[in-house]
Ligand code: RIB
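Here we start with a single chain on its own, the form predicted alone, put down as structure tokens.
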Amino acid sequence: MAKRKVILDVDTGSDDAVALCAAVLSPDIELVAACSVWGNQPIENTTDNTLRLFEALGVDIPVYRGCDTAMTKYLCKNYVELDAWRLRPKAMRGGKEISMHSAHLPLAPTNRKAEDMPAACFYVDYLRKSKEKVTLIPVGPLTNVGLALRIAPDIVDKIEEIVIMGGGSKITNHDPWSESNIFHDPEAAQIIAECGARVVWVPLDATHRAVITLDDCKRFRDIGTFAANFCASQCEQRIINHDAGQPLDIPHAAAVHDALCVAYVIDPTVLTDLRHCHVEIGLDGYGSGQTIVDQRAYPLERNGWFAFDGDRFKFVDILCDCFQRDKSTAQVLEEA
């Protein structure tokens, strides 16, 4: 079976890093490029983190620097800012505060640079020239992809699927009504929702079910490759934060959101409740960033697939299969 051509759009922090490792190492994916976007960290950090990780993995995959803020949202103050993370207890280990996403991944600095072409322009150029369809996996704010579709809506004809990490129906994290990626650029999310491509939403409803536990991290470490040890450290960092401020139904576990999108591209059955439905995004006031899923008996026209559950055991199996294929000799500079 031919590999699927994939472009990952990342605001590289901890879960993006796991997603990138899986995409690079999967025998089912040809990762043709990564596009950086602001989100977990400023654009300078997310771009550098992506470059560091590709250096550590020993792969020559181009990185295109993307947008450093939303398309329109932060031009005015007509939105409500209630970041729930500010209200949660700090995550501590050994007397030191541990963040969900470190400013810099614990990897050696690199001299690699991002490509000259901006990410949105790369999407237009690459997709228009591509002889086959490409899968997009945006796992941060959706600014780059939304901007590209606004510049050149015809590129939708070259898109196999857009697999989004974002949104939430019954579970949110930025505030009571929105998930962070969608909150930060709801206009871009709405552009994608109505673009006409096959859009798969991998929201918190699914990522909080297909979680990774400390036992799973031990399984990663038993593999012994760089990717396995590095991803174990990133997942452990996330578990510390979840235990402190966002405990899950399964104790000592974490949602590793972005990697679940890559796992879905490798094996779609990892999402166990994927419903064809109508999805819209709230764009103003208290509803800004809300993912509105029409679940009525007679809904509006269905424009996407929304995941409500995931298989955590299959998820870990997929990641383990990827990590054991790593042949690099890089080292994790420090533990989470």
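Start at 1 and count along the sequence shown; that's the residue number. These figures come from a predicted structure and were not determined experimentally.
Beyond what is shown, the protein has a form predicted together with ligand RIB; the following relates to that form.
**Q** If contact means a heavy atom within 4.5 Å, which one of 308-316, 21-29, 7-15, 321-329 is the stretch that engages ligand RIB in the predicted complex?
**A** Of the options given, it is 7-15.
**Q** Go through Thr213, Thr225, Asn241, Asn173 and name the one with a heavy atom inside 4.5 Å of ligand RIB in the predicted complex.
**A** When ligand RIB is considered in the predicted complex, the option within 4.5 Å is Asn173.
**Q** Counting any non-hydrogen atom inside 4.5 Å, which residue from Ala263, Met165, Ala206, Val145 sits next to ligand RIB in the predicted complex?
**A** Spelling it out, the residue with a heavy atom inside the cut-off is Met165.
**Q** Is it the case that Ser180, even though its partner is missing from this view, gets within 4.5 Å of ligand RIB in the predicted complex, heavy atoms only?
**A** Yes, Ser180 sits close enough to ligand RIB in the predicted complex that at least one of its heavy atoms falls within 4.5 Å.
**Q** Is Val139 close to ligand RIB in the predicted complex, meaning a heavy atom pair under 4.5 Å apart or at it?
**A** Result yes; Val139 sits at the interface with ligand RIB in the predicted complex.
**Q** My question is simply whether Lys158 lines the interface with ligand RIB in the predicted complex - judged by any non-hydrogen atom within 4.5 Å.
**A** Taking the distances in the predicted complex, the answer for Lys158 is no, it never comes within 4.5 Å of ligand RIB.
**Q** When the contact criterion is heavy atoms within 4.5 Å, does His101 count as touching ligand RIB in the predicted complex?
**A** The answer is yes: His101 has a heavy atom within 4.5 Å of ligand RIB.
**Q** Using a 4.5 Å cut-off on heavy atoms, which residues of 28-45 contact ligand RIB in the predicted complex?
**A** Contacts from 28-45: just Asn40.
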